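The chain below stands alone and is given in structure tokens; this is the form predicted on its own.
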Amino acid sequence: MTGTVITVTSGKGGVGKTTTSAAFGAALALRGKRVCLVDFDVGLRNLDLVLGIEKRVVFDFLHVVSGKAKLSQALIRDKRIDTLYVLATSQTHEKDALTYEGVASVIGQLQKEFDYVICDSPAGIEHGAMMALYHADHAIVVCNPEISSIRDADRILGFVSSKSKRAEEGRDPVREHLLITRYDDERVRCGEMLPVADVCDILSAELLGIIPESRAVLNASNTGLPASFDAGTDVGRAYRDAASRFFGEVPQPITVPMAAQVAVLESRPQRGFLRRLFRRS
């Protein structure tokens, strides 16, 4: 078995990337897939907190990369879903402690054990982010419907297409997905946020889902519970909806934002005034 590597990335911090890694990974695991979440944000780890396993971390990603621990010692199985595992990262090392050889070895081992390896990347284009993107088969770019977030996401998409192992080896390109977070219909109507159609016009990536602004996200993070666990919340349904779309299914649009914008998935404009404001053409 060769597992699929999915890198969750963003150009800007604070857009919900780690929340998305945990929620999307849990949504895949809830469908019976073996999933490992890997925290690449050396020095600033938060994935363990979002998943409520911070007290169980003994060995981490850097211990495995450096040979100080075996992968089996560092993997933490979620107590709520048997098929969901986490590889936390170090809070004390420098970001450049990750090496291409060490990361490649760990990712290779994980691909033999799991259906999906989800890399929670640091924001931006620093060393850890490039490490996380390098091995990606899929990239989920997370952004808010705001100009600064979209501009940074556009920048990241350029790196996805050119800096991956797939590009280096001349293979099929990394499949790019867009996940819009913190979407608020009222703020869109007031002109404080961009409509989904405009975001998709700027960013040439497959729209995977729209996650509404909701207190459920904060509640999930504070309780160490991935947001997708609770299908009774709009956010939980939205992340499960995104997982369905990832598998090529066309679920009924069960969130208000996706219901309003679902036509974007089938026929969105490829050029527009806003797109001309950005780098890629």
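Residues carry their position along the shown sequence, with the first being 1. Note that the coordinates shown come from a computational prediction; the quantities given were computed from them, not determined experimentally.
Not pictured, yet referred to below: the form predicted in complex with a small molecule.
Proximity to the small molecule in the model of the complex, taken as heavy atoms within 4.5 Å, picks out 213-221 from the listed stretches 213-221, 29-37, 63-71, 241-249. A residue is said to contact a partner when one of its heavy atoms sits within 4.5 Å of a partner heavy atom; R182 meets this definition for the small molecule in the model of the complex. The closest heavy atom approach of L225 to the small molecule in the model of the complex falls outside 4.5 Å. Under a 4.5 angstroms non-hydrogen atom cutoff, the small molecule in the model of the complex lacks V42 among its neighbouring residues.
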